[in-house]
Ligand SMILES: C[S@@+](CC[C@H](N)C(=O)[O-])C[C@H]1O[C@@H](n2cnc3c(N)ncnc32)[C@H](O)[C@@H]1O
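Let's start with one chain on its own, the form predicted alone, as structure tokens.
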Amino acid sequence: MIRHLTRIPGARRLWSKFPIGSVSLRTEYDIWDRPHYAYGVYKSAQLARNLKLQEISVIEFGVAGGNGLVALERIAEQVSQHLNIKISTFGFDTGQGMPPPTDYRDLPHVWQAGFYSMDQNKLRSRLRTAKLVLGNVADTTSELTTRSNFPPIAFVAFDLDYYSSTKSAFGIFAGPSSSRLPRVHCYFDDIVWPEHACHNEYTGELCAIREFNDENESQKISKIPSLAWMRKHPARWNEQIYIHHDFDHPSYCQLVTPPGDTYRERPLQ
């Protein structure tokens, strides 16, 4: 019934203005300002809960004006309350806009130094619990994830535009297995638009992903195949959801299919 009703033009837009219903229902039907963030946070929090964890972290790389981080913070708060799991939110950025591009892989025909600058004071005034981490991501990622009390990484949104910055941000996965979930949901913002970027596996974020996979034997970043077919309403962002797999993670093979789930074998009648 809901699926049919939400196919009516404008129905989901109206629902978004009056977001009634549970967090799980709204995530299922994309009733969020940033449904791709909601999907990643919700699914990763579910995994953490099934692994009996009590706390996780969610991250945005490339904060700029801060609208994404503010949205991520609000989503994390609601998912945290719904699933009864603590979620810490972090935003990584230089704080000074984009640095100069290194070479053609950074797509300098699209982005240049100084793009996406930040008003730090204004952004901090909008945040409630999210932590802003400023500096070169090559340095800040290792500093944070090596802390013994850092909550395991569960969801990461990569919005750094450049190949070089994204490659540096992958340092978030260089810490010990305890610093992350065995499967980390990832969203890559810059693999679709703008059209004149001509995205491909030899430039930009797609190049960083390809090189990461080539350089790591037991860790891979791969797209969820056919995610659009599993959603109530297929959307462009379905093509931008990837999973970081840590095949050597101690919990990678731990059963997370809960009792009563439809994917468990049904007993004979």
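Everything numeric in this text was worked out from a predicted model, so none of it was measured. Start at 1 and count along the sequence shown; that's the residue number.
Note that the form predicted in complex with the named molecule isn't included here; everything after this is about it.
Contact check for E73: no non-hydrogen atom falls within 4.5 Å of the named molecule in the predicted complex.
Residue contact check for I191: none of its heavy atoms lie within 4.5 Å of the named molecule in the predicted complex. For N121, no non-hydrogen atom is located within 4.5 Å of the named molecule in the predicted complex, even though that partner is not displayed. The named molecule is not shown here, but in the predicted complex it comes within 4.5 Å of a heavy atom of G68. The stretch that touches the named molecule in the predicted complex, counting heavy atoms within 4.5 Å, is 98 to 106, out of 98 to 106, 144 to 152, 77 to 85, 195 to 203. Among the residues S178, T129, N136, S125, the one placing a heavy atom within 4.5 Å of the named molecule in the predicted complex is N136. Of the residues in 72 to 93, only D93 comes within 4.5 Å of the named molecule in the predicted complex through at least one heavy atom.
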